[in-house]
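Given as structure tokens, the chain that follows is alone and in the form predicted on its own.
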Amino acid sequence: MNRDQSRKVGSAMVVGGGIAGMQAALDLAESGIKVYLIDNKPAIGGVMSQLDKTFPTNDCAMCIMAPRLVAIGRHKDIEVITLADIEKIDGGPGNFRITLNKKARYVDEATCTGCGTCVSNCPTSNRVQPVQKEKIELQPEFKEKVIEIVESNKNRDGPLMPILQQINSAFNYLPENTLNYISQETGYPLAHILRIATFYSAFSIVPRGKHIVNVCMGTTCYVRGSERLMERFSDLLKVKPEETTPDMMYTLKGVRCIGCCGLAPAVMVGDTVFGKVTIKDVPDILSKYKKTA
């Protein structure tokens, strides 16, 4: 096909859907240019979507990415093409012709919600069915309460989250054997249960103390001295962040944000928030809970 090679095309292609590619696509689209955002992965986000925190403020990586993801999804001049590789580039500046090799996705992208159920039930990747395992036996100290919680919830719609919340509330963490039992009784794959149990900071798969001391390390609290507060709590409790005291009374944790930026620096013990905390306040805060230990 003959084309006028001198004709300028009013569109652009951004190769790579990482944080830089997303920002470039948004900048171009805001300038009135049609943008094709190409990535060879199933979704945009790049390596940053795999990170927990970012330097130097330890802000959540997803908190930085999410506004850009939403803006790209809503922008009328940005078309996202994933699972695609560039095979050939013809033409010159202002009039390139790109040939893409787009891999099959095997799902309807317009109706997919990303629930992951298709992965666990895929007949191609799950040709060999797992051997039936022996029944899970719960430890005596957990057995009665766990059975009660699972039985009271497993027939409701979406039972997994209530079961995990109630077990976490009863024992202050999610015992490993208990997660296997939940998988056995509800039919949810253990990998799916573990994804939830390790994603939410309210859950823990290791034993925690009776009182959980959360020191906010978000940007506002950090610049107002929360790092020094963490050091003071660590000195008094004689544990490092993410550790539990030997008597199982306190667990010291650093959290990204507790939603109290106006009270920075803030500390939360259990459900109680302490605002504008100073170094001198730390012993008093701990003493309140020694009385109830």
Partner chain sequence: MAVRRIDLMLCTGTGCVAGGAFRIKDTIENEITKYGLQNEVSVVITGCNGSCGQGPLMVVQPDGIFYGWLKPEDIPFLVQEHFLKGRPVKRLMFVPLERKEPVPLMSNIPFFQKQMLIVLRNKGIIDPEKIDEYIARDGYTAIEKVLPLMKPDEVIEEIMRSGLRGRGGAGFPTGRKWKVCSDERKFPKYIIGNCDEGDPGAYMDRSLFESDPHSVIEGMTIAAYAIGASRGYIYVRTEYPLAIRRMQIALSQARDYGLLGKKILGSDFDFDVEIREGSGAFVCGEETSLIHSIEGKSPEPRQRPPFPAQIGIWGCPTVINNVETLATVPVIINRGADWFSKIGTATSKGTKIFSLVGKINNTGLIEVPMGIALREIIYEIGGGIPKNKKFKAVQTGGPSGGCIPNNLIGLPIDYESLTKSGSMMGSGGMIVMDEDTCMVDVAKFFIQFTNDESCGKCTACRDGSEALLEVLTRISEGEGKEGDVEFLEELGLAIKDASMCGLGTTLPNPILSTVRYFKDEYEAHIREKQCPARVCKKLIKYYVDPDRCVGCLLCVKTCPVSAIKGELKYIHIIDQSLCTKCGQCLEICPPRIAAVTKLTGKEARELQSLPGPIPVAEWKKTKSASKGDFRFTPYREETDREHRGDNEVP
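Residue numbers count along the first chain shown, from 1. No experiment lies behind these values; they were computed from the predicted model shown.
The form predicted together with the partner chain exists for this protein as well; it is not shown, and the discussion that follows is about that form.
Comment: the partner chain is not present in this chain, but in the predicted complex one of Ile33, Met249, Met65, Val255 has a heavy atom within 4.5 Å of it, namely Val255. For the residues Val213, Met217, Val146, Leu174, the 4.5 Å heavy atom test against the partner chain in the predicted complex is passed only by Met217. Three-residue candidate spot Asp27, Ile72 and Lys103; no residue lies within 4.5 angstroms of the partner chain in the predicted complex by any non-hydrogen atom.
Within this chain, Arg156 lines the site of the partner chain in the predicted complex, having a heavy atom no more than 4.5 Å away. The shortest heavy atom separation between Arg228 and the partner chain in the predicted complex is within 4.5 Å.
Residue contact check for Pro162: one or more of its heavy atoms lie within 4.5 Å of the partner chain in the predicted complex.
Using a 4.5 angstroms limit between non-hydrogen atoms, Gly275 touches the partner chain in the predicted complex.
Only one of 106 to 114, 174 to 182, 85 to 93, 196 to 204 lies within 4.5 Å of the partner chain in the predicted complex by heavy atoms, and it is 196 to 204. Using a 4.5 Å cut-off on any heavy atom, the residues of 236 to 269 that reach the partner chain in the predicted complex are, in sequence order, Val255, Arg256, Cys257, Ile258, Gly259, Cys260, Cys261, Gly262, Leu263, Met268.
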